[in-house]
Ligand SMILES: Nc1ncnc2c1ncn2[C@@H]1O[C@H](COP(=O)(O)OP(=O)(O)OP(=O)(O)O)[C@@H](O)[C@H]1O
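Take a look at this single chain, the form predicted on its own, given in structure tokens.
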């Protein structure tokens, strides 16, 4: 895997963290400062107290001075202990809330603001997964960065304070201690470079594991898992990805162990040399015993600060890699929010045109130099066998995916010149796999809260979509939850009722361009006939596309487009294409025989 440098470096991520902590919770920032202060001050009191006690006896000072000394140290220790207690109690809670309740919520919003074409791409899925991983645990990534900033801050300040006090000793001792700390950091940083090199590989494995785990927990798949005995297969798949991730983690752990071993060896040599030098000084009466005690404690403390600084800097660098992943994803959402183009207004209906459009999924070419123009107000039927490119054509039309070449124009305006939010406002779409939320039916139609919903308009589209009978059968009518997941009093909609709900949603939006994707596939023949009867009313003043495998629906449209192999191979009214006696006519006749046979069986 190619070794790529993270977009946001350690210092940039430290500044990012400070800015967001200040923005989100200023008291957390105070707690961080208090943590740094007491982490340095408490060990300092512990080091200074023995030195002054020994010095008291060396100088044969009065007992009253000794009592004052003990009282001062006691009061200072008490104050520092109270500050530490507050920080220890407040800091972990606020640190966790900073991640989960604040930045976690902001990431949920960002997921809804990034471009669909990015979110649905392999790159977008990978970056989203890495960002979620950075947010998912308190011991790494976003939250742990806060702790490591505190730890590194205390370690650095402590080391500087101790160096200032130790400055009266030989400068070679100081330089040696600093050099040993640098060696410890470099040894640990080897692990980070290895982690960065293989990060994408590990995240792809993790993504596969999450997919299997989520599939086993999703109630939508529960029936299939049980009916088809998928348990052993899914368990083996999940275990496979767990084993692959553990294998990589074992490789990282081995390198961490070797790094820790190297750090331990460096610490042994560092402390041994420093302690030996101090012993020689005190034996030669070059320093008093009180200073010997002080310097021994300071060197031990300095070694601790340097060692911990190296360790925490390594962990901070690892956290920074994940925080960078989080920021990369958040940057995408911010770019989208800040990239508004000038507002445009379009009178209904609108026209749409494809000019020399090329599009591929990887190496599989779907459209090449594709041309199509749909005039304003036309009712178009789009037909073709599975795999002909109908769904891809709709995604291109909706600007959910982007052509590699060519242009898509709305009223002769290039779609790239239209702000994406204004562009989406032009389309009402009834998708086959549309989202149905466990909230009121009225909210599922308007996609807003009940208070913000135009209830009269909801009533109108319920009638138009043929959902009125179902609504009237419910005790709470249109305010009944469309799912029972959050409300035992909710309803379970049949496949046909869900299609009617989704159709009502598209009609409620009342956009200039209406796209119906297999709107009658789950409807019974009577409901389907009623839909056809109301089709002209639904599409009045709009441009519309009706996608269906049931060719009987094409009679209600102005024009039929037969899509085959990424090309419009036949185009005309139903009667014109029947006279052409081509592929459309053949498909229609096959379906007609099927329906006639079913009618004969029913009447027999």
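Numbering follows the first chain given and starts at 1. This structure is a prediction, so every number in the text was calculated from the model and none was measured.
The form predicted in complex with the named molecule exists for this protein as well; it is not shown, and the discussion that follows is about that form.
Comment: 380 to 388 is the region of 414 to 422, 380 to 388, 320 to 328, 299 to 307 lying near the named molecule in the predicted bound form, near meaning a non-hydrogen atom within 4.5 Å. If you check the named molecule in the predicted bound form, you find a heavy atom from every one of 361, 366 and 549 within 4.5 Å. A heavy atom within 4.5 Å of the named molecule in the predicted bound form is found for one listed residue only; from 132, 530, 392, 399, this is 392.
The contact residue chosen from 404, 432, 236, 250 relative to the named molecule in the predicted bound form is 432, the criterion being a non-hydrogen atom within 4.5 angstroms. Residues of 197 to 223 placing a heavy atom within 4.5 Å of the named molecule in the predicted bound form: none.
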